[in-house]
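A lone chain, given as structure tokens: the form predicted alone.
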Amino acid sequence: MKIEDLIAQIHQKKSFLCVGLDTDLDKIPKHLLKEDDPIFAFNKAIIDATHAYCVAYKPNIAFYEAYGLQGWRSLERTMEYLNANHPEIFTIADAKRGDIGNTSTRYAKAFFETMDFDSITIAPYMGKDSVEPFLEFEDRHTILLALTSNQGAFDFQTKKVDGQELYKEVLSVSKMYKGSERLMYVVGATKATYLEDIRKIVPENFLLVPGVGAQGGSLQEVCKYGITKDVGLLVNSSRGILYASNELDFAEIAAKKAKEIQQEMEIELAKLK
């Protein structure tokens, strides 16, 4: 997907919501466990209920790998359903891959070609030759982990190297990679005040922002420091939408929660005019 198409969809839906499909068989409504493919049944119901209010879906790959071949098949069916019925939706493989060059190439082929995702999250620790293979794919996007929302982020990401925090070094150096115009970055909503400095380094790149809602991040704070003239944000919500109800009305309640966030986003987007 071209970035222009994503921006157009944001303005059309008045939303920059990304719904995380972190589907856990221990949390989905019990009646779905009778289905031949409970994970896909849950995902399809969530997609059908929320697609009008969001511009992206982000399956967390670990939640599918955990169930072996059946989990991969559920993920494959989810992607086939999304791409066939909602091709305008931006898809993110939350895989956090990153390895030596030839391995990264295979990861890129797996998620961009075989699974047909628009983007993938990448851990940048191994540097340039582990990231650039993902950037070779036209109209696909690589989302580098920059400053994450977990408490452990402070173990390494904010440590100073030659006087500059490591996450800032990741941002600065990655701009020099071949294909860097296709880079996006993960910045946690619980680190919203850091966004002001981040925008000085990457003023236009899209940021994928987890941590709003269940993890305590504020949408208003994220927008205050991180929004751009082209919006430049994809704000993710997973548990707050997926598991708002575990009864028969789960999809209806998920839609209600997604709409509530979309309405907040509409207010923030109106401030750009």
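Please read these numbers as outputs of a predicted model, since none were measured by experiment. Note that residue numbering begins at 1 and tracks the sequence as displayed.
Omitted here: the form predicted in complex with another copy of the chain. The next part is about that form.
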request  = Indicate whether the candidate residues Ile201, Leu234 and Ser238 are all in contact with another copy of the chain in the predicted bound form, with contact defined as any heavy atom within 4.5 Å.
outcome  = no
request  = Report whether the minimum heavy atom distance between Thr190 and another copy of the chain in the predicted bound form is within 4.5 Å.
outcome  = no
Contact test in the predicted bound form: Pro133 vs another copy of the chain, heavy atoms, 4.5 Å = no
ask   = Hey, in the predicted bound form, is Leu82 touching another copy of the chain, heavy atoms inside 4.5 Å?
value = no
query = For Leu33, is any heavy atom within 4.5 Å of another copy of the chain in the predicted bound form, or not?
reply = no
ask   = Counting only non-hydrogen atoms, which stretch in 170 to 178, 84 to 92, 135 to 143, 192 to 200 is within 4.5 Å of another copy of the chain in the predicted bound form?
value = 170 to 178
query = In sequence order, which positions of 143 to 159 have a non-hydrogen atom within 4.5 Å of another copy of the chain in the predicted bound form?
reply = Leu145, Ala146, Thr148, Asn150, Gln151, Gly152, Ala153, Asp155, Phe156, Gln157, Lys159
